[in-house]
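Next up is one chain by itself, shown in structure tokens, the form predicted alone.
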């Protein structure tokens, strides 16, 4: 494959000055109708060398198994039962006896390589950029240098031009000319590609030129510094992302456990209910509104909140209200409820995980600092967590419901005496905490599969966040979640995922021993 690719690139580079969109010569197409594999590969190289849209069309048809040949040697492109003469572009009926051109792996590789080279000269920016990314994913090859230089000379886009310059430098690293290698090493000092390290390290020991060895060492140090900086920034971002997930999972618990003093072991299942509601919304949109399927999240957010809110209200009215002031019995009762909810979900949706796909506008990511990719779905969850925290703060501090909630939690008897409906406030508060858990479930559905055990993965972390932040403290919950997320992401590369969890648990235990009220002072019903 590699010599073949070199030959194709060399042929393309030699013929670039002659590129034109002229019609294809039938003699170029003739070998494709024959049985000689070598002649077919050579024909692909000659067709690609013409560089026009006709050549791209023929090669793409060959790749798509849409190229046929008649017994007379005429080559046709057949799509949707309509034949087009590959040489003249004229439409004609599919002749009798036409047979498809056989494409083996060798020929397919040759066609793909030719199309990648042609794409560097495409008029569309996206196509050229995709070709550059494709070449970046391949090993550098000196044979690419002439073609890359031609493409670099033609390129007008600044971003693509910079990437092409890096590709040229990568290809020149294997050049036989020491001056070319030195220029390539110097040019790569601006790169943050860690894949260059082995090649540069080899130059440190194998390169006979002292100046080249020194340049390779300087470039290697520059790349290492850039990679280390990207790792730190990446860990910071993913720590905030994990902290946002923990925050969404723990925010509802901060209300039901922090303010009401209920040890709600079914909180994880309320997350799960929010995630399954998202799955149902996705299914309904796909079935009834396929054209708007990417916007199912807009409907899932209020739906998940309302469904989890309703489940929370039912739990509070049927079970929790009879257990206020008896935390151990609340723990056992809600644990039993969590088992029942999991079994109910298994009965309705099955025991297997279900898939909730990211909408198209949340797929992919943004590239920063050269090689660091920040996924859109995690950016969206960070923004969403900030909005949910702001909404909860507004509800608790700027609404009549929030005033009653704080009054009941701080002094129930006094609130009851002044006419606050404490029972209804209890119901609404528990429902609010459950609804926020449902919103957390929507966010979790965007990061992985949804299953009956989804909530079990977050219940311990949620309690850790609430206890660390200070029971009943919204600000403490935010700081606790973000702090645990950052610590976890910086410990994982060093100690591994399991040991990082253990270390965090030990740190929290030691911290709680020295400061039982958490990061912020304890307030709430337990003060009474």
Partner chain sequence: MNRTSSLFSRRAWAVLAACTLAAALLPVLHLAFPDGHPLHVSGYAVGLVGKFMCYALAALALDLVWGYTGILSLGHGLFFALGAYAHGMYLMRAIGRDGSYGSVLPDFMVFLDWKDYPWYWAFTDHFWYCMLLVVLVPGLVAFVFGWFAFRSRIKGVYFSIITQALTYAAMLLFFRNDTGFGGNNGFTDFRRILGQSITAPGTRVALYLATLALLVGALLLCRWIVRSKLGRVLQGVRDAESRLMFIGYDPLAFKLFVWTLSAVLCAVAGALYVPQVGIINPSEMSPANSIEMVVWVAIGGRGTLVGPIVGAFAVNGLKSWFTAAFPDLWLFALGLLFILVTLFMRRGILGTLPAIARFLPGRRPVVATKEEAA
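Positions refer to the first chain, counted from 1. It should be emphasised that the depicted structure is a prediction, and the values quoted were computed from it without experimental measurement.
Keep in mind that the form predicted in complex with the partner chain is not shown, yet the notes after this line are about it.
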With the partner removed from view, which of 182-190, 409-417, 120-128, 431-439 is the stretch that lies within 4.5 Å of the partner chain in the predicted complex, judged by heavy atom distances?
409-417
Selected contact from 177, 159, 329, 206, since only one has a non-hydrogen atom within 4.5 angstroms of the partner chain in the predicted complex
329
Quick one: of 89, 225, 325, 71, which gets a non-hydrogen atom within 4.5 angstroms of the partner chain in the predicted complex?
325
Even though the partner isn't displayed, in the predicted complex is residue 384 close enough to the partner chain, meaning a heavy atom within 4.5 Å?
no
With the cut-off set at 4.5 Å between non-hydrogen atoms, does residue 257 touch the partner chain in the predicted complex?
yes
Examine residue 61 and determine whether its closest non-hydrogen atom to the partner chain in the predicted complex is within 4.5 angstroms.
no
Does any heavy atom of residue 344 come within 4.5 Å of a heavy atom of the partner chain in the predicted complex?
yes
For the stretch 333-367, return the residues whose heavy atoms include at least one within 4.5 Å of the partner chain in the predicted complex, in the order they occur.
333, 335, 336, 337, 339, 340, 343, 344, 346, 347
